[in-house]
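Here you get one chain, nothing else, as C-alpha cells; it is the form predicted alone.
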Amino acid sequence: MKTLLFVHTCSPHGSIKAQEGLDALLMGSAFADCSALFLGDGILQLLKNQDTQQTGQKNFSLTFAALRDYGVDKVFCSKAHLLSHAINESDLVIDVTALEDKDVAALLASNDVILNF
C-alpha cells in the first residue's frame, strides 16, 4: 500500500488551503496509509481554543480529533517550529510527535507521495 504524507504549512484562517488539507487527509485515509506533518504556520491549525467568530470562518480545529477514527495515527510536527512559535505540545488539540529537523527529513524521504497544503 502506498504511503501518503500530508504536509500542512498554512495558518488555519485566511486561506481555504488549511481546511482543504484536512479534508484531503480524511478522504485519503480511506484509500492509503496516511500521515500528517505540520510545519511553520501549519502548527497553528492544531491550537486549542481557537476563536473564529470575528473572522466568520468555521473553526475546523476540533475535526483533527477525528483523525484516529479515520486510521491516521501518525501525526508529526517540527520541534523547532513549535519552539519558534512558542507553542507547547500541551497547547494542541491532538497528540503529535515533535521531530528534530533530521527526523523531518527522514520522514519526508520515507513516504511514497507527499501532498502540500
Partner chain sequence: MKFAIVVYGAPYSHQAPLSAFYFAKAVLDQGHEIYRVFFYHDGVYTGNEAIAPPQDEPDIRQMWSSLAAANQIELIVCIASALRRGVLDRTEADRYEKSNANLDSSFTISGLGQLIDAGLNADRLVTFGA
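Positions refer to the first chain, counted from 1. It should be emphasised that the depicted structure is a prediction, and the values quoted were computed from it without experimental measurement.
The discussion below concerns the form predicted together with its partner chain, not included here.
**Student:** Picking from 84 to 92, 63 to 71, 27 to 35, 42 to 50, which part of the chain touches its partner chain in the predicted complex when contact means heavy atoms within 4.5 Å?
**Tutor:** In short, 27 to 35.
**Student:** Within 4.5 Å, heavy atoms only: does I16 come near its partner chain in the predicted complex?
**Tutor:** I16: yes, in contact with its partner chain in the predicted complex.
**Student:** Mark D103 yes when one of its heavy atoms lies within 4.5 Å of a heavy atom of its partner chain in the predicted complex, and no otherwise.
**Tutor:** Heavy-atom contact with its partner chain at 4.5 Å: absent for D103.
**Student:** Are there residues in 103 to 117 with a heavy atom within 4.5 Å of its partner chain in the predicted complex, and which are they, in order?
**Tutor:** Those in contact are V113, I114, L115, N116, F117.
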